[in-house]
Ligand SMILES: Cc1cc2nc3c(=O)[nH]c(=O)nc-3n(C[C@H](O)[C@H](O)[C@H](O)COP(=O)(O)OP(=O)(O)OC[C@H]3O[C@@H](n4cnc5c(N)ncnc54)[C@H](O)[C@@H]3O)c2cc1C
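What follows is a single chain, given as structure tokens, in the form predicted on its own.
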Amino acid sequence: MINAAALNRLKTLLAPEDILLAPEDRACYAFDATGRNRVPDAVVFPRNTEAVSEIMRIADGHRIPVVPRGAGSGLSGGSVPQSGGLVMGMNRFDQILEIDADNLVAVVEPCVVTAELHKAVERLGLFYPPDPASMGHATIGGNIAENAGGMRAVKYGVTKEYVMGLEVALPNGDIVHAGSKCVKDVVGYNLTPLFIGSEGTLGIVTRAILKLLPLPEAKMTLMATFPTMGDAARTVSAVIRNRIIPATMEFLDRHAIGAVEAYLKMGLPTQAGALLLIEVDGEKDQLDRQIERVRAVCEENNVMDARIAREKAAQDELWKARRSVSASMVRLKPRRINEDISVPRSRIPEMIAQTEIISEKHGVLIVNFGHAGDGNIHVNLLFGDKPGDDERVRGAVKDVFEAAIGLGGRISGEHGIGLAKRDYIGWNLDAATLGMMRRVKRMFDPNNILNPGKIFP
């Protein structure tokens, strides 16, 4: 609970509209996309870095938990205020402060929506590649906290490749500045990567310097279907061996194909074992050659059908299949858990085969789709409200994690650990590594007030 002394200091610091205390208001900031729920004692909305700093000083002095929150779209429970305390809504930090075309950087506040940054820089012929599926509402600060990826990661990498510098408020209220606009910068320790993927447990980002690229001139898309996931995986490896790095390489398994076809009726072959969506981008006069090479590789690997879309309208039609997977699954079962394991891309067929075994063992429908180019699989466990369903799903989730680790994989590729996977983190990390991470946390946050209970069991 927040004591009266701390509450009075917060009321003095903030405008009345920047602090929420009514139960119905606080309930709106109690959850994220996992459905986990815990109502905070108060919600605060600082308007500048100095206010963030002072809130942290108050919280640290009174040992009040603080949970930073952007859009609340995370899939690991990272913004759920498990210990009550304060939710710090970063909604007022929503400005693109600068787009520097000469130096290919943007300076942004953490609550800028990722898709809005895309639009702003693309109007100037520039490109910010990270494109998580939630980019229409997810924020840059949340992307940094989770090291978000997306479909373009196979060619362009994930958020960590594009963060050049950060302004961060520490748990004790200190403001630190890590990195800069300079491409070459070895002045002191490189602290910037430490905050990326830290899930809001080490500091609160108040400003970010992001790297931009020139916008690719054009793109083309190919949709290919295969009898088996093995055929599709061999195609992915063969495309890369042919020195083509597509912008995206997405896959759907047979259950996902069936769900999308039942939902959209777009003529997908429901007898197919796998579907690939491959997009190439770059200079327009080179793309015809690249996409035809991709089609040739597909034909060498037992493709059933391959369609090429050269114009935007046709590309959008093909991408409907990928964009509609989540919506199509709602029709299959009322409840869903979406796990995002990662395995070496050559082992995707083995992982899919393991999920079929796990599905049969536990009586849980499992639908897979994801990023074939980087091995990040979204394993969706669909279930209902029958007695024993929850227990069966928990058993299936454990088996999925064990199977991924057995194939040299990780229990999370881009959703993070948060609350959802904290009890499993030791399956991927040994005791010495976890111990070092805990010491880093204690160094930054000795009173354990910043997003407590996340990541570590």
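Predicted model only: the values in this text are computed from it and were never measured. Residue positions are given as counts along the sequence shown, with the first one as 1.
The same protein also has a form predicted in complex with the ligand, omitted here; what follows describes it.
Listed stretches are 410-418, 57-65, 397-405, 38-46; the contact stretch with the ligand in the model of the complex is 410-418, by a heavy atom cutoff of 4.5 Å. Scanning P246, G203, G375, P81 against the ligand in the model of the complex with a 4.5 Å heavy atom cut-off leaves one residue, G203. A single residue from the set V154, I291, M90, L275 has any heavy atom within 4.5 angstroms of the ligand in the model of the complex; that residue is M90. Not displayed here, the ligand is kept clear of P171 by more than 4.5 Å at the level of heavy atoms in the model of the complex. The closest non-hydrogen atom of A232 lies beyond 4.5 Å of the ligand in the model of the complex. For D281, no non-hydrogen atom is located within 4.5 Å of the ligand in the model of the complex, even though that partner is not displayed. The ligand in the model of the complex is approached by G72, whose closest heavy atom lies within 4.5 angstroms of it. For the partner-free chain shown, just N451 of 418-457 comes within 4.5 angstroms of the ligand in the model of the complex, judged by any non-hydrogen atom.
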